[in-house]
Ligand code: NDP
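Form predicted on its own, single chain, as structure tokens, below.
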């Protein structure tokens, strides 16, 4: 039915390719490209072994628009799925505009030299995509992504207005390493060391990094965990599109051992993105740290336990106040058994596939730049249940 070009051969890219291969009635052809072709080849071999689907692979520098344009013209996909680094969002959007191809990603653009998470750079493409008759879907991962859809689902079926939104992301898994990140270390550490930010009565309020915390008792036996307030990009679009929001916050769990290591690394400058002179060349300490930390893909067979990510929403329906919790729990072991990746990659790669499916089947369509909550949540929510991320909703 459709041909998709996936760019990015990390953990999320691997999951997305495996999941696309499970839906051949939608994804007739799956093509995979990355800077390092050998990573693509390893994923393709796993997909062939598990599903019998052949995935052609290519080398591409996603920072190079001309190179990406040449690949797109060769493959002629119906959709480009960007699962590369956030730094590469804009060059890939440029390539899609030049070739007339629709676009999807899972994380907002971030300048390489500034840890700044904002959609303004991609929102600036809205008019160009509209004029080209193309669609760009931003943030089709879990958070952002599924959490946006959870909010849209709640608005459609449970609330007249949502006044308070708390997105709570818990990784209750254990990989047994002294210090490691579950996805790209450079992106992960940049994200959690920036200042916190939340929405309160019409304005953004900033906090020192990881300075606010709470305990939350997670369901289905996971139990109480300490959660830290962070800024996460889905808040920026949700406060625009969800009716009645007075407060919106994002929380993530971290273990004491992780935070202790992180503070030590911060204290000695290893999380800095400011270049330093070393051996006659300029390097970013954080990029060096990334090189010596465990590769996130290697954590798959080591990680045990579950993730729990969801939205706690307080609002009004028919004049009555109510609180709703919508969440997903995902097993690291089950994810690894199915696609060879841990649950952090799985919970992002599956929604990337579902978002692509929504676009390719025409269930979600438009001209311009869009966020997940702007579309009908029902087909996406149904697909989550069908494709490995079942959700639960409870009134608290």
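Numbering follows the first chain given and starts at 1. From a predicted model like this one, the values you see are computed outputs, not experimental measurements.
This next part talks about the form predicted in complex with the named molecule, which is not shown.
Residues 217, 330 and 392 are none of them found to lie within 4.5 Å of the named molecule in the model of the complex, as judged by heavy atom distances. Taking the partner from elsewhere, residue 310 is found to have every heavy atom lying beyond 4.5 Å of the named molecule in the model of the complex. At a distance threshold of 4.5 angstroms between non-hydrogen atoms, residue 102 is out of contact with the named molecule in the model of the complex. Although the partner is absent here, residue 371 lies well away from the named molecule in the model of the complex, with no heavy atom inside 4.5 Å. Taking non-hydrogen atoms only, residue 166 never approaches the named molecule to within 4.5 angstroms in the model of the complex.
Contact with the named molecule, judged by heavy atoms within 4.5 Å in the model of the complex, is confined among 235 to 243, 316 to 324, 277 to 285, 134 to 142 to 134 to 142.
If you take 10 to 35 and check each residue for a heavy atom within 4.5 Å of the named molecule in the model of the complex, you get 10, 11, 12, 13, 34, 35, in sequence order.
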